[in-house]
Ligand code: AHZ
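Quick setup: one chain, the form predicted on its own, written in structure tokens, and binding and motion questions come after.
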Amino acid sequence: MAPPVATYSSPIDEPILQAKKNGAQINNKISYEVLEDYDGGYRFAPIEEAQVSRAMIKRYFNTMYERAVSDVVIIGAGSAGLSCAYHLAKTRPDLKITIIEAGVAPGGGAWLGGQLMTPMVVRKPADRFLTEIGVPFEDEGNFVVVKHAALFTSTVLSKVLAMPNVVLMNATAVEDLIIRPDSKGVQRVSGVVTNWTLVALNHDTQSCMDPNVITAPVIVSATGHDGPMGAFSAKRLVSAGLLKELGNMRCLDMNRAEPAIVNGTREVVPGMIMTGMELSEHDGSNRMGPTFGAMMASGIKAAKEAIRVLDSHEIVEGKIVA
């Protein structure tokens, strides 16, 4: 028996002149026969190449236009940044949350455990977050083990991206911060300066390639410890004169590192909340190595801090006015 033939309908609102030749017009729509046949007869609905380009361009640049003024910008889509985005978006669906990630693949260092081994260790009580988002694990008493770190990363990433108030712009670098005096004359982080990551990496090989900006009353920085683009905001606060010097990350001590990161998550300067391992460079706390509970808990605390800041100020068009 031949597989059933499905019908696909498309509204006539884009250039589909060629497609019209292949379909029947019914109720101002073009109807096509498509076939899901894996024995050699698979048939797609027709499409014009320009339709593909326009479908992407229209949505992406509409998003850029709409998010030029956001409520919260999260720099970095690693485990702390994604955990922050999840809790913030779930708790406050009214907020426009924009995540900026320099890499093509979001997730930071949480695709693996340690030394290229895949299991993820999470100390209690951070396992409660795993339960909330539906990631299974083995209970080892004081800690739990997720069979593959990518299971956590892909799960939290999929849940964050499914939330209607969250936008992720990956392959996009934060090149600088917007810092300006607030209504009381206090220097405040008020937005981010963005560019395509490939452009940011090639400023020395081309003539000037100017960036773009996104303004927001709260910036959450989760760029990780020192590396190619790590600890970006902490370093920029030093060069901008808002931080005297980096604390510099201390040597590994899991029992000191994890509570220091979670309990130290805070608004480090007006308008900027710092979370995750970037704090180790800012504060001079210990590194924790391949244990990830603090990343999740720090992200959740950053979300709570963001809500506190937003609720304690009067905000108009993305600017704190009182």
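For every residue, the number given is its place in the sequence shown, counted from 1. Computed from a predicted structure; not experimentally measured.
If you look for the form predicted together with the named molecule, you will not find it shown, but the lines that follow are about it.
S.K.: Picking from 135 to 143, 216 to 224, 150 to 158, 181 to 189, which part of the chain touches the named molecule in the model of the complex when contact means heavy atoms within 4.5 Å?
M.R.: Comparing against the named molecule in the model of the complex, the contact stretch is 216 to 224.
S.K.: Only one of G289, G284, G41, P259 gets a heavy atom within 4.5 Å of the named molecule in the model of the complex. Which one?
M.R.: Selected option: G289.
S.K.: I'd like to know if P211 sits close to the named molecule in the model of the complex, meaning any non-hydrogen atom pair within 4.5 angstroms.
M.R.: No, P211 is distant from the partner.
S.K.: Can you work out whether V122 and the named molecule are in contact in the model of the complex, taking contact to mean some heavy atom pair no more than 4.5 Å apart?
M.R.: Judged by the heavy-atom cut-off of 4.5 Å, V122 is well away from the named molecule in the model of the complex.
S.K.: Are any of the heavy atoms in I100 no more than 4.5 Å from a heavy atom of the named molecule in the model of the complex?
M.R.: Yes, contact at 4.5 Å.
S.K.: Any of the heavy atoms of V72 lying within 4.5 Å of the named molecule in the model of the complex?
M.R.: Answer no; every heavy atom of V72 is more than 4.5 Å from the named molecule in the model of the complex.
S.K.: Taking the named molecule as it sits in the model of the complex, which residues of 295 to 321 have a non-hydrogen atom within 4.5 Å of it? Please list them.
M.R.: Going through 295 to 321 in order - heavy atoms within 4.5 Å of the named molecule in the model of the complex - there is one hit, M295.
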